[in-house]
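In structure tokens, the next block holds one chain alone, the form predicted alone.
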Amino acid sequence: MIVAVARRIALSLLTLVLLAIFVFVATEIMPGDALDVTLSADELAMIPPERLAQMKRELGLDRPAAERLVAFLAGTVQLDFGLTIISRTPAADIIAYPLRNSVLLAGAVLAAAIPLALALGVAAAYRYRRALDNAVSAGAIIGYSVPEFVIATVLVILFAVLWPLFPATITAATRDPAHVLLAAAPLPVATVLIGSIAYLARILRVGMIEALASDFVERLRLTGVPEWRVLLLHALPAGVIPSLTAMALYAASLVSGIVVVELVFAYPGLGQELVRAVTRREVHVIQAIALSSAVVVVGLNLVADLAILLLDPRTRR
């Protein structure tokens, strides 16, 4: 067990290192730099080449790529992603609140989606190929297939225009307390919640169907174990195991930023901040957001792997 845990932790650390190198290379091949985007063509034409070279030198844009890669990796270990090229603000400070806001949105969605999806998935699997299963399956396919911007538009029309119960866009500031931000964001939460329940319910349904059809469940029923114990204490843990990795990756995608939803509702999360940074060619902010997202994905995937180790002794070998 200890060897398996250590192996997965080491693999996760190696993955983060490789992802950091990939993020650096990906941002290096972007066309232009912050000066090219900030300054107009007329301004660039009027600046003497010596002055332009000096500006690039002051901003560190003239250093060799290998030197900047080493500095980038060293700073990443210390959670120092550097300063923005234009405003000279620490990139970590810029993404701190958007990251918190994305975590809040994902946490609110998952807190409601996981129990609801679990209940729907178990109920559909228990009533396999019956009316309830058909209804849950059809609803899940529809809920997962409809694009988020369509769901967002419908919710805005219904609950912000026809029945003005909630604001159409976020009225809270980026740095407002968590309860203030979530109170102003019921429509973004509902938009993401619909697709999340549909996706998770489909995954859990498949795992539960396989578990309920297994031999050990049949033996439990033949020995007279109550049906509720068979369903909740034996079939449910076995049915959840195949879904844990997919659920962890889906949760990580929520934390990493739901760009469409954030742009539609002006939600101040990582996705919106990433779009702004790409537009301005703020390389340090892009790298900070990409690495933060990578840490979330690898971390949640590691948690799912450890949970599988605990629930399924066969994987420990």
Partner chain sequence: MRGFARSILRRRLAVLGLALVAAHLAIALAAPLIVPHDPFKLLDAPLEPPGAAYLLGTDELGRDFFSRLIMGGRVAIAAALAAGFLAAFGGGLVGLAAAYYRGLFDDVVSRLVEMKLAIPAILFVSLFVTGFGQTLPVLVFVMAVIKMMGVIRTARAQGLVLMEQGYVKAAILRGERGPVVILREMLPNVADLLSVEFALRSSSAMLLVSALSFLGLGLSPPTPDWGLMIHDGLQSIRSEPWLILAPALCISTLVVGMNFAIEGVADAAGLEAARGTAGH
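Residue numbers count along the first chain shown, from 1. This one's a predicted model, so the numbers in the text were calculated from it and none came from an experiment.
The protein also exists as the form predicted together with the partner chain; that form is not presented, and the subsequent description refers to it.
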{"query": "Stretch in contact in the predicted bound form with the partner chain, which is absent here, among 75-83, 102-110, 140-148, 189-197 (heavy atoms within 4.5 Å)", "finding": "140-148"}
{"query": "Non-hydrogen atom contact Ala304 with the partner chain in the predicted bound form at 4.5 angstroms", "finding": "no"}
{"query": "Distance check, Ala294 to the partner chain in the predicted bound form, heavy atom within 4.5 Å", "finding": "yes"}
{"query": "4.5 angstroms heavy atom contact with the partner chain in the predicted bound form for Leu204", "finding": "no"}
{"query": "Glu210, heavy atom within 4.5 angstroms of the partner chain in the predicted bound form", "finding": "yes"}
{"query": "Residues within stretch 168-183 having a non-hydrogen atom within 4.5 Å of the partner chain in the predicted bound form", "finding": "Ala168"}
